[in-house]
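Below sits a lone chain in structure tokens, taken as the form predicted on its own.
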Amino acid sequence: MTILEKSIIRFHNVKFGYGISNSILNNVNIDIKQGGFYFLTGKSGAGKTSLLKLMYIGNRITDGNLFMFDKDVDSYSRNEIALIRQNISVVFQDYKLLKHLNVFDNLALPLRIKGDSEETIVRKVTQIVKWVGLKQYIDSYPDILSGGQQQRLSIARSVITNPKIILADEPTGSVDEVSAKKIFSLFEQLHKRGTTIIMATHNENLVKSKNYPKLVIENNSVFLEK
């Protein structure tokens, strides 16, 4: 079985909602293939963020089965869920940077939580700031960075631990077109390295310009368009 034939996330008859009368997603049946790149599209309020939250176990499904890394999420222990989350990174539209930490320490934080040595942290941070074009800002604080630079920093922090899955929630939604192209280029580079990427976006021009499959949320369900 090749990488792109293997499912890394699988939804089987999944339902999700907040309370009995507030159904967000119904009968979702989709396979996310390992190493794939997927756009997640749908109208505002359709449930894109809710679907992403299910994928990083930020929310639990109401009914059905969600399989991650070949195992039903409901069968994972609390410790196993914590380990799963170490293999999943989320990139948010509003960056989620810690403004009291400089660029270096924002990037070092997930590595320190992981328990890496300071020597390893310095090496990894030095490498990744070069990759995202922020080497000259390594001692700067997020507030002095442009929106595009803050988003690149957010991406760098999300991938510095080498996650197997990246979930991006409108990562180019609040930056200009030039910055959006640079940010998307970073995701494509990660995809070429074998990282599975699911990117929620309203940018129809971007979606049309790329030959990646789409997860479309419509009428409380999700459809895969290739």
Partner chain sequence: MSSSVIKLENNSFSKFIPLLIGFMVFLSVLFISVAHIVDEIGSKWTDGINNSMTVQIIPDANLDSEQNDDIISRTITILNQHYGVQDVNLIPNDEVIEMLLPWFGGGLRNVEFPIPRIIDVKLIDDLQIDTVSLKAQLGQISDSIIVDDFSDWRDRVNSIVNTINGLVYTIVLLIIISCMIISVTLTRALMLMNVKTLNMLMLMGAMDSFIAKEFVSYALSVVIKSSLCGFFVALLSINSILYFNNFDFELHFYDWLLIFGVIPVVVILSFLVSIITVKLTLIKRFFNIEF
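All figures in this text were calculated on a predicted structure; none of them were measured in a lab. Residue numbers count along the first chain shown, from 1.
Absent from the display: the form predicted in complex with its partner chain. The rest refers to it.
- Partner proximity in the predicted complex, defined as non-hydrogen atoms within 4.5 angstroms of its partner chain, places exactly one of 171 to 179, 195 to 203, 34 to 42, 53 to 61 at the interface: 53 to 61.
- A heavy atom within 4.5 Å of its partner chain in the predicted complex is found for one listed residue only; from Ile128, Val122, Leu98, Ile138, this is Leu98.
- In the predicted complex, none of the heavy atoms of Ser146 sits within 4.5 Å of a heavy atom of its partner chain.
- Proximity of Phe92 to its partner chain in the predicted complex: non-hydrogen atoms within 4.5 Å are present.
- In the predicted complex, Asn79 approaches its partner chain with a heavy atom inside 4.5 Å.
- Remark: Lys71 does not count among the residues lining its partner chain in the predicted complex, judged by a heavy atom distance of 4.5 Å or less.
- If you take 156 to 180 and check each residue for a heavy atom within 4.5 Å of its partner chain in the predicted complex, you get just Arg157.
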